[in-house]
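A single chain, nothing else alongside it, follows as structure tokens in the form predicted alone.
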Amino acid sequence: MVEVSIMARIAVTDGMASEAVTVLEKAGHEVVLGFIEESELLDGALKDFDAIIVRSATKLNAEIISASDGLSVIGRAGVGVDNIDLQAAGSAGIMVVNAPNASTQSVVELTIGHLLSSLRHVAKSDRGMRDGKWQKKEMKGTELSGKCLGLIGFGRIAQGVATVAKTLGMEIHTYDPYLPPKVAKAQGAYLHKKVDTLFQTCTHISIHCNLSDETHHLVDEKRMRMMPGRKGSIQCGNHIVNCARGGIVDEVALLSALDEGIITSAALDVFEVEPLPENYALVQHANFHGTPHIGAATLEAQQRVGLDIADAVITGLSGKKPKTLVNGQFL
């Protein structure tokens, strides 16, 4: 009997498409599927692994990374890497790679879905009908066409949202201090130099930036109050959507703004604390609707993200530099 040599052991803690697992195994690696509790990670549960692939549920802080001295690659099956201490990983000689393109279309479509649902009271009407109400007169909405959409951040997803929104007749505005002006111009978007002017101009705001010290509670009470609430003669109200990262929107301020009517509707796919605390007040508000962090939760995106991160991890384990390396400056 021929003994099979395992090249590397890879922990996959937050799930992965079966096609991607097969790719890793065909490359000669052992894949161990299963969530690992934080206490176990702190106790060195990853010492016998060469790589780990996570989504957003597993948090890899400096202490956990220090206890995982066998790792050489951390793969984030998705875009955001705020659940990984990049500097600690780099100091330990661990490459961190992600899959930034795989979920773009899925998040674009969910963002547009939330915008449409907000303006046409889809979720609100459904809840009323389930309670036996026929609220035809109360559910008069507004159109997206002709309104100003403000995109905070203008990367791949925001540009995808802009493309769809333009076909619906929206005027595109963006704030992104790291964006070359020519990119916004090529996309037909007005680039604001200050985030405040974006809020002063736009009745519809969609979040598409990373969570950082700079962006934490960027959407606060002060900025919500800046929104104009009308476009020409149409009192369309103010609407906020966030399918990026929890914590960028101040949820306490958002609830207050909804109560006061400053914000007409809000839709969030991401929250500052996930899963939500029991009886969380925001989700009980009539003019709020949400989803449980499902931006990338489509069959197509899950397949793409799994295959992309498998390829990046295989490249990293081979000693080569992956194209999606995100902590190169710390290595």
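The first residue of the shown sequence is 1; numbering continues from there. Bear in mind that the values here come from a model prediction, so they are computed numbers and not experimental data.
Beyond the structure shown, there is the form predicted together with D-malate, which is absent from this document and is the topic of what follows.
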{"property": "4.5 Å heavy atom contact, His192 and D-malate in the predicted complex", "result": "no"}
{"property": "Contact of His285 with D-malate in the predicted complex (heavy atom, 4.5 Å)", "result": "no"}
{"property": "Contact flag, Ala296 vs D-malate in the predicted complex, heavy atom cut 4.5 Å", "result": "yes"}
{"property": "Asn61: touches D-malate in the predicted complex, heavy atom cutoff 4.5 angstroms", "result": "no"}
{"property": "Heavy atom contact within 4.5 Å of D-malate in the predicted complex, the stretch among 122 to 130, 225 to 233, 71 to 79, 85 to 93", "result": "71 to 79"}
{"property": "Residue (of His289, Arg304, His29, Arg55) lying close to D-malate in the predicted complex, criterion heavy atoms within 4.5 Å", "result": "Arg55"}
{"property": "Partner contacts in the predicted complex for 239 to 272 (non-hydrogen atom within 4.5 angstroms of D-malate)", "result": "Arg245"}
